[in-house]
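Let's start with one chain on its own, the form predicted alone, as structure tokens.
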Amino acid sequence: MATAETRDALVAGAMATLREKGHAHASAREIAGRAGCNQALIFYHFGSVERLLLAALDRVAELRRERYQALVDESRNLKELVAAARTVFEEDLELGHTAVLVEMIAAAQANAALRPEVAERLRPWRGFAADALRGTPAARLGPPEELAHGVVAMYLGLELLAVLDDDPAPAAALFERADSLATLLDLFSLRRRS
């Protein structure tokens, strides 16, 4: 296996382990077994299991950012932006991306050395949310950076609870409410322009 293929296999193995077994069971043996690699290759390529798990979180973020950006770029108003958020929320749960994030956030709570690494990886999402909110009627509610912090916190909370409760229905109900509010804000915005 080539170096790039080995790294990719290890990252995929780490993602699968976090999704299916959780951070507590993300051992070198477990990940290497899923990747079809020798455990020593984890340390050769990443230096530690934690660095590999962070690489898995980076991969999830990279995959999701591309998808999120495409949906945001297609959104012409706040209602469509809410629909995009709901779509990616449902996809994240279904594909297990939420589980990877939840496991790494939980691990960071217990591991002070991991905390700044995970926090650093969440920071760009606040910038992404702020950019998505600029120019929408929601931006009138406050500075986009502050609103983005709230949006990311709410989104993460919804993901955490959906995984914890194994029930996305309460989140779906909130997205319905947000859709109704977005419709009203979009209408208000159109009337002010007329």
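Residue numbers run from 1 along the displayed sequence. Worth saying up front: this structure is predicted, and the values here are computed from it rather than measured.
Not pictured, yet referred to below: the form predicted together with a further copy of the same chain.
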Tell me, yes or no, whether residue 174 is in contact with a further copy of the same chain in the predicted complex, where a contact means a heavy atom of each within 4.5 Å.
-> yes
So in the predicted complex, does any heavy atom of residue 149 sit within 4.5 Å of a further copy of the same chain?
-> yes
Residue contact check: residue 110 to a further copy of the same chain in the predicted complex, 4.5 Å heavy atom | yes
Is there a heavy atom of residue 92 lying 4.5 Å or less from a heavy atom of a further copy of the same chain in the predicted complex?
-> no
Pick from 128-136, 32-40, 64-72, 150-158: which stretch has a heavy atom within 4.5 Å of a further copy of the same chain in the predicted complex?
-> 150-158
Triplet 13, 47 and 86 all within 4.5 Å of a further copy of the same chain in the predicted complex via a heavy atom | no
Those residues of 109-124 with a non-hydrogen atom no more than 4.5 Å from a further copy of the same chain in the predicted complex are 109, 110, 115, 118, 119, 122
